[in-house]
Each structure stands twice: as C-alpha cells, then as structure tokens.
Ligand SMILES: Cc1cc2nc3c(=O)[nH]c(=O)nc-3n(C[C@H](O)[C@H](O)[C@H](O)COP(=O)(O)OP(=O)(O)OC[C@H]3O[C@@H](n4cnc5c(N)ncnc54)[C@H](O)[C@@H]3O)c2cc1C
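Before any questions on how it binds or moves, here is one chain, the form predicted on its own, in structure tokens.
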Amino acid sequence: MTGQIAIIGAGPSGCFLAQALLKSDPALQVDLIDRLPVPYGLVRYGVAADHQGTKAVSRQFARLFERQGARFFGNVSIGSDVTLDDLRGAYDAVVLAAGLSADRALAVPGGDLGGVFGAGKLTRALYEHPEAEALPQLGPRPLIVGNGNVAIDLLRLLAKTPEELEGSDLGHSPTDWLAASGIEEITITGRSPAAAAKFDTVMIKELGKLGGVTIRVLGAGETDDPQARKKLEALAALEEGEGPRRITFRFGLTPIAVEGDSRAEAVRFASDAGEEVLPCSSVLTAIGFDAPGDLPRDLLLAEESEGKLAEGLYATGWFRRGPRGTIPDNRADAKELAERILTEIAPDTTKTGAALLGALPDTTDYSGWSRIDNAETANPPPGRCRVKITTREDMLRLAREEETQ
C-alpha cells in the first residue's frame, strides 16, 4: 500500500506541494482539504482581479486533479468538521498549507478606530470571498500604511478607471463600489527608505500605465546599490501623469498613532525630521498577515523545524515562513518539503485516509468545483472573464447539481 498524505489548504502552497509529491511518486494518494467549497485559495481570493496572468496558474493546478490523481475535499472546517488529530490518525502525513488570512493589527493608539481597514479584509470583499464583510466607505482621501506588493495592488485597483479594469474578474458590485468611491487622493506610506521598500519594481512600472492619475514621489532619496536604483528610477518615471486622481508616495514614516474621535481622521508619523500628521478619510493597513486562529501556528519554529512540526506533521508556504515571498517562492518551498516527506514517510496499512472525509455530509469534490467554474465562466459580461458565485450556499448548490439530477 502506498502512502496517504493530507494537505490542509488547497491554495498555491498546497497545490505546489501536491504537484511535487505526485511527480516524484505517482502512486501516492494525496488529498487536498479546504475550508471553502472551491480550491485555489489565494489565487482566487488574494491575487489582484486585474492580474489574470498570475491567476492562470490555476490551469496548472487543475492537472493535479485531472491527470495526477489528487483529490479535493472542500467545505471542510478543521476543528468543527474534523480535528487535526483525526487527520493525523487517518493519514501517514498531514501538511498545514493554510496560508495566513488575518490582517496584522496596526498596534498604535487609535489603530482600532472606525475607518481603519486591513488590506486583506478589504481585498477579500473586493474579490467576493463568501465570508467577506460589506465594502466600506473610504472617503475622498484614503491613506495606505505599508508599501509592499499587497499595498501596491490595492493602490492600483483604487486608482484605476472602469475602462482599465477590462479583462479582470472584478464583480459587478465591487466595480460599482469603485466607480462611486469618490476618491480624490491616495497617500501611500512606508517605514523604510524608497531604496529598501518591499514592493517589486515591476509593480511600480505597472502604475505608470494608469491614465487617470497624477503621481508625486516625496523623499525617495538616493542609493549606490544597482538593484535598489532600479526602484528609484521606476518611481521617478511615475511623475509624468496629469490625471484628476492624485497619488502621493511617502517614505521613512513610522506610524505612531491614528487620530480621530470615533473614526480615523489623520495618522501621526515619526520620521528622521520629527513628527508629522497626515490627514485622511480612512486608513488602509497593508503590514502583513497572521493565522486566523483555527490552526496551531504556535507550534511553528520555522527556522528550526524546516517544515516539520512533529512526527508526520509538516507545514509549508506562508503558514510556515510567515507572510514573505511570492507564489514562485512557495513553489520552491513546496519542492524542498516534498523531498523531506518522501524520505520520512512510512506507510501504515491501518490508516483509513480519505474514508474519514468521505463520511462528512457536505463536502465538495473536484467535479463539483468544475460545475462551479463552468457556471462562472459560461457567460461573463463584456469586459470580464468570469462572474464569481459569491455565497457558500450557491456554491454548494451548484456543486451538488449532478447528484440531484
């Protein structure tokens, strides 16, 4: 009997790991488990709606289920539907690949005021995650704290015209929300100097294609580092537009308080020059992510464990390393962990594997996801590539259609 492996999380980290495992040993039984009724996680609900090239990795992941024999078990909540201990008892190895979906809090006075929104929470609403809250009112002058790629994605979407969203999968309601936002000016701030900012240069160059903005870059400074200089050059090239919506980049600013009575009205920053207060109508934080609390990330000692938490229990991707690195970085991480698992796994013929999951009443499988996918892409409106099913109930109904016919 070959080994049985359960991967908790069917996003990029989980799918890359399943790919690597099955490529090395096609006889393995690999089951991907997700809390949502649909797979692909971050690709579906985290990658920007206008980055369809990045989202295309899902076609590669589809081969996992269609050709390599992996199985998908969706709508399974760890802790309520099945416990981690149950899975460890049923499988030869269990891997936590659930990512990090909770926004890291802005731990300054006023960080919990109304009008302070985490980037993850906001983008899940924009991308129509079934558990997302309603899209909020940002007012005319939102201020972004953080300048990594997540912050730049958010900035770009807020600044785009409706015409510039052609070809995306942004839904009707989020599209209307953006069009009616009334945003006049966006300020984006970072703690580090521009040369050390965490965004990728290609993301900055993409901002240069926006037609409806005027961009200012204040305090970018200089650098002798050739790679860092490319960032400064990309920023300098942005200051050519003459659109009505204003964007201002600021660097070297550390937030020390959000000011306002019941709602954010300004952010107080510390810098080398002293303190500075920037007025705003809302605050969007893009300062990293944490585990949501339903999986034991406190077990992790990433530098020491190298992916192994206990006998037969492993972790990969952001869940292991923290919120650093891109989708390709997760592929490399998964390949390394696959090699380790394959050297350590000891198949046990008494393990029941997927029989544990098959006994659950409301799981979805890959065929069910295919019906959802087909329904979303069958007749998209002009300018869109899909219309997402936005509620868990409707997803489950579509997934079960064949069973009820």
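As the structure is a computational prediction, the values presented were derived from the model and not from experiment. Position 1 is the first residue in the sequence shown; the rest follow in order.
Although it is not shown, the form predicted together with the named molecule is what the next lines describe.
The stretch among 49-57, 339-347, 355-363, 63-71 whose residues place heavy atoms within 4.5 Å of the named molecule in the predicted bound form is 49-57. Although the partner is absent here, residue 192 sits far enough away that none of its heavy atoms falls within 4.5 Å of the named molecule in the predicted bound form. Proximity of residue 326 to the named molecule in the predicted bound form falls within the 4.5 Å heavy atom cutoff. Among residues of the shown chain, residue 177 is not one whose heavy atoms approach the named molecule to within 4.5 Å in the predicted bound form. Residue contact check for residue 21: none of its heavy atoms lie within 4.5 Å of the named molecule in the predicted bound form. The partner is absent here, but in the predicted bound form a heavy atom of 76, alone among 94, 234, 258, 76, sits within 4.5 Å of the named molecule.
Checked against the named molecule in the predicted bound form, the residues 168, 147, 187, 330 give one hit for a heavy atom within 4.5 Å, which is 330.
For the partner-free chain shown, just 123 of 107-132 comes within 4.5 angstroms of the named molecule in the predicted bound form, judged by any non-hydrogen atom.
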